[in-house]
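First comes one chain, alone, set out as structure tokens in the form predicted alone.
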Amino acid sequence: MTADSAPLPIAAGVRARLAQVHPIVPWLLVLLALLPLPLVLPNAYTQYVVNVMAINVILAVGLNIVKGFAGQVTVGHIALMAIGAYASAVLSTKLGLPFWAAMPAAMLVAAAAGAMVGIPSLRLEGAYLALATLGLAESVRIFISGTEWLGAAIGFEGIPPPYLGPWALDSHYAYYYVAMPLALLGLYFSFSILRSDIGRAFKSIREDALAAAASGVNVPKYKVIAFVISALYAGCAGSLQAHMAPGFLHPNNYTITEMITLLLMVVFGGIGHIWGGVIGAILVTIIDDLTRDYYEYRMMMFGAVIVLVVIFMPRGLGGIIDDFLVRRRFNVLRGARQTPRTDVHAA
């Protein structure tokens, strides 16, 4: 064995040891690494933006499940977030439920709404399904705007923050320790779903629904499941948004503008790419915050970015990352195969 070939068995041994580690361990290490983040942020507003990033990550990952994994065209995901947000607000203010009970209940309400959204997907596809989900989004917003006990056009206020024993997590610094772990948990479950039989069924429907049905996949069942899982993520994000300081919701937070922003996160990060969606959610949240002074031109800029990404980066940032990793692995394998041949000729 030469000096050049010695690292190969070592690298193989390291990979074998890492393969024996439980999949949850890397996520726990990431959680520990992110815990000190609020200590280095300069002010509460920056911490608020970071919390919004965590909520948007949950929202983008959920949309990627139904759009990227299952290939269903939907532009009404923001309505499911609104349903989760207002359900959590009503349960906590009207019924007195704590956040830790209101959030799971709101997720179930959003999941029921997601199942109802998924039913039209059994007969509608493409632009027709997009129009149906867009109509749902506008219907939900108009319903909230005209309902007095939901705050109507004035807004819903007085939503309590989460409590951890006697301590209220009402500051943006404290709320980070609620939003960030839930974002990591959502990411972990999205990877688990992608590797499961459900994830493989989603991808088969995305590639060709007729071929998937011919192979034994229950296409209607998995289409509805995709919408339900995506709605669970949206409900979680909506509940987090509702209980974050100042505890106020307004129907104008769930307009077509917010839906376009959410679509940009997924398209820019890469449709069907989980890590790309995370990167897209973080970058678009930062861009959205920096361009608030140019409100009149934001949608024009976001629309232009979506068009340019679709033309020049159809797989988004996630596709660029995948191409880089594939090229690097190819170069490593090619170098590993050429090294023994060089040693044989030298001998």
Partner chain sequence: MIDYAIDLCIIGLSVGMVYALVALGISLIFSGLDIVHFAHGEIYMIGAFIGLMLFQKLALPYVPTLLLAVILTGFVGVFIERVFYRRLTRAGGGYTVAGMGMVIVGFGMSIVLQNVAFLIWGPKPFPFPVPFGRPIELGNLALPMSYVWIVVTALTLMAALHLVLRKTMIGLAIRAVAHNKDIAYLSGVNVPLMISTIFGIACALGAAAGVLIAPINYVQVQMGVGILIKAFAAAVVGGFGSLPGAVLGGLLVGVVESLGAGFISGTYKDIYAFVLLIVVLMVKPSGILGVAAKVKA
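It should be emphasised that the depicted structure is a prediction, and the values quoted were computed from it without experimental measurement. Residue numbers count along the first chain shown, from 1.
Below: the form predicted in complex with the partner chain, not depicted.
Residue heavy atoms within 4.5 Å of the partner chain in the predicted complex occur in exactly one stretch of 87-95, 235-243, 116-124, 175-183, and that stretch is 116-124. Among heavy atoms of S196, none comes within 4.5 Å of the partner chain in the predicted complex.
Interface residue remark: S215 is not counted as part of the site for the partner chain in the predicted complex, having no heavy atom within 4.5 Å. Although the partner is absent here, F143 is a contact residue: one of its heavy atoms lies within 4.5 angstroms of the partner chain in the predicted complex. Within 4.5 Å of any heavy atom of the partner chain in the predicted complex lies no heavy atom of I321.
Annotation: in the predicted complex, residues V40, A54 and S204 none come within 4.5 Å of the partner chain through any heavy atom. Taking V267, M107, I274, L249 one by one, only a single residue has any non-hydrogen atom within 4.5 Å of the partner chain in the predicted complex, and it is V267. When you look in the predicted complex, the only residue of V75, A111, A102, L262 with a non-hydrogen atom within 4.5 Å of the partner chain is V75. Residues from 132-153 that approach the partner chain in the predicted complex with a non-hydrogen atom closer than or equal to 4.5 Å are A132, L134, G135, L136, E138, S139, I142, F143, G146, T147, in the order they occur in the chain.
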